[in-house]
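One chain comes next, on its own, written out as structure tokens in the form predicted on its own.
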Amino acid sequence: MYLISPNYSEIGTPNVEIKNFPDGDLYVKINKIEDCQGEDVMFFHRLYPDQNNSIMSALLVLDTLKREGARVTLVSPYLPYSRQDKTFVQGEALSAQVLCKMLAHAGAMKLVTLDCHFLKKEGEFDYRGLTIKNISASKMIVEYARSLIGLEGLEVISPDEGASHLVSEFGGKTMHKERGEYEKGKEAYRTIEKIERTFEVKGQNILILDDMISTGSTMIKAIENVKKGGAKKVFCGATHGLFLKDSLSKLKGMCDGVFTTNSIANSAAAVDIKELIEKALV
């Protein structure tokens, strides 16, 4: 049994209603709920953008299915709050753990997602009571990059140690990133102090590959580094493209190509994840 959220309508006609009451509270209704009673249900729902509302609507759907005895797999390509799986300073919330526990408690038996930030390889993992099936789009992204340069060689590198697992199977190398402290103000943001490289890139075509591009600050520093090192062509790719703070236009002005999957809708989404998701659900 497939349940499709309005925010995942590209795979089929939505059969879940998600609306707002006049005061802003969410209203959720599963059409033909009787078909879900005691069944295995695949619930296709994006948790981003508008993540706080999207998470709440997912919890309401999951709890409704749980009351009907359904066994639910939540399919959501991008998992928000996933970068907050550990604390950097005392008193910080472990948001990734909180979210996964809430999803499991509400009724999700499994989450299928792509390149989860805190899981550094593909496979199934138990994380705070939630089984997470993590699949990677790295091969598809690299294949797309290679299609752009034809028979020329391509070196795949990661901008920091956190993304090294994405490039290891391609013989890729990893740069080193150093972050500063959180800036003052209302926005939680840590500056990128520097990105360093211990390998040559002169005359090479470079793909800088990461799991996500958010504000673009990591990619910008990485591009500056390899261009200074004499790289021939520079591309940047990621599974998830958030592209906050006008970062997409900045990146396009700095390199020879920017592309992501369509896990999050954006104008640089060149790699379709539909077939990848379908294979993971077999």
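Numbering starts at 1 and follows the sequence shown. These figures come from a predicted structure and were not determined experimentally.
FYI, the form predicted together with ribose-5-phosphate isn't displayed, but the following is about it.
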Looking in the predicted complex, is ribose-5-phosphate within 4.5 Å of a heavy atom from each of Arg83, Ile213 and Thr218?
yes
Of 69 to 77, 103 to 111, 172 to 180, 139 to 147, the segment with heavy atoms within 4.5 Å of ribose-5-phosphate in the predicted complex is residues 172 to 180
Looking at Leu130, Ile135, Ile192, Val201, which has any heavy atom no more than 4.5 Å from ribose-5-phosphate in the predicted complex?
Ile192
With the partner left out here, check for me: in the predicted complex, does some heavy atom of Glu155 sit within 4.5 Å of ribose-5-phosphate?
no
